[in-house]
Ligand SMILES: C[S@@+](CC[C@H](N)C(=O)[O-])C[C@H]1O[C@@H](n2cnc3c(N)ncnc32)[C@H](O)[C@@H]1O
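The chain below stands alone and is given in structure tokens; this is the form predicted alone.
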Amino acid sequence: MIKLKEHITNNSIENEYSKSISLEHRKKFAQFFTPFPIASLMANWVLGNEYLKTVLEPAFGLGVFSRAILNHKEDIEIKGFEVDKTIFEHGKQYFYDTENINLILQDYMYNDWHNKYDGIICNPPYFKFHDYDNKNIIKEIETNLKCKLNGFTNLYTLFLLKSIHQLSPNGRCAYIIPSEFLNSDYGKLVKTYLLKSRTLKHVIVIDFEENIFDDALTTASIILCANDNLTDKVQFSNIQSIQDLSKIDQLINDYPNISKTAQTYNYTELNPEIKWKAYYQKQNSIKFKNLIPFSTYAKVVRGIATGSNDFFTFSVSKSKEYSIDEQFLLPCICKSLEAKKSFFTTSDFEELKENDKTIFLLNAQNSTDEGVIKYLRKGEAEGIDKKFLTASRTPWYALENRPPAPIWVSVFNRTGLRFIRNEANVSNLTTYHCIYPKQTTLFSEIKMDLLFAYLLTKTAKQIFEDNSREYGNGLQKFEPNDLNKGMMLDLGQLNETAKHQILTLYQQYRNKVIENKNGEDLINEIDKIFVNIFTEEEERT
């Protein structure tokens, strides 16, 4: 047997486990291990409860938090829940001689509702709503907590809500979870519960260059809660490195004296309806005047979701293989890399077609063609008609109604949003969102060139960043409503001279791009015009 003391202050236990257990198994149970320095910091928060006698680890794993706590206080009664038998047996092996640890092979979400704890500490499993029994678990939460939740709520936040409910008077809770919920639609109801419970004390957003969780594409946050009513303030902090953890240790040691900073708010100042990045990240939009919602001028919707891209997408060679005539195929961009420039032209599409790229969608509705019918039967034999999306359609092979969008925008990015003018007038899959400008006096007059010229600027992209969602390694994601609700400069404030200058530069830029030349200097000139008009004089100096 391996004794606990040999491994208590490092991640060697987790490293050994990762080497012996397949990545497939670890991903199945969302086993992404917490670095020990972070586990130690979280343990310090829990240990700050002077009445601490009982501790709960709802997703025990290999007990990294229990090890951190026992390193400072050995007489704590610890209970741990775990659903994976494999890691449960490993955990029992390491804690076999620790009498005050009770490990239970059960799902925390369905058990132990009536017990209260002085400390709860956890790195819960990270699953999307469709990867677990979300309907029943949400029902369990809503029944016990008497609250309403969004059906898309991620499992990790359900763990957090249950744990807050189980805090004893003066009890403290420390969770390390993705920061996604702080800025998502489903997170609104979660944040509402956190504020209503008045337990939230610190939100620490971790923005390391590398992911905290190995193999997990997400940005982490540490949520510190206390059921003590000692303060009505919540402090947000940002850390960029392991060295920054010492700053958080100081905040923990100073509690409940929360220093007043630009990132400290009373409960009444926090709005659960907005993205909370506004409370911990400088907003780019504040230096501009005359801002309006992007939805004033355009509507953003996601691209076409097929339910089975392999089945529904075609290249020229595949259409010949299955005898599908081109009249039953819809021209479509299926991969983001197929559109590399700011303008996607008919010539670009024809080049992809000649290179046998996948640039068509099966458009088979009402077709009596023999080749189409035979291919559809093949799909039914393979169960394509029973997939999540296709099963809800009539007929199952019907395409979503998405007319070609004149402008596309990237869903994920690391270097800023990519906007593409769809001059070829072809459709797109979900690799891009669709932008449909609304008919306004402004756009009926000059069509959409002015809007697209604005979207190409650094200013437009920076303002949109205020409404983005962050994942690991600097990856940003925008859902359609992130853009619809995002802000933009009110182009209606431009005078005719400015419009003419912008559109002249824009046409020059387009010509350069079509000729495969770099025209960024022209976009910079357009950006300067917007900055000069829409920022206050003191911001420009």
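Heads up: residue numbers just count along the shown sequence, starting at 1. Because the structure is a prediction, the values reported are computed rather than measured.
Unshown form predicted in complex with the named molecule; subsequent notes refer to it.
None of 230-238, 430-438, 328-336, 84-92 except one has non-hydrogen atoms within 4.5 angstroms of the named molecule in the model of the complex; the exception is 84-92. Proximity to the named molecule in the model of the complex, defined as a heavy atom within 4.5 Å, holds among P124, G171, G303, P178 only for P124.
Proximity to the named molecule in the model of the complex, taken as a non-hydrogen atom within 4.5 angstroms, holds for one residue of A59, L489, L494, L70, which is A59. The named molecule is not drawn, but in the model of the complex it has no heavy atom within 4.5 Å of Y506.
Within 4.5 Å of any heavy atom of the named molecule in the model of the complex lies no heavy atom of W45. Contact check for D185: every heavy atom lies farther than 4.5 Å from the named molecule in the model of the complex. Residue contact check for Y108: one or more of its heavy atoms lie within 4.5 Å of the named molecule in the model of the complex.
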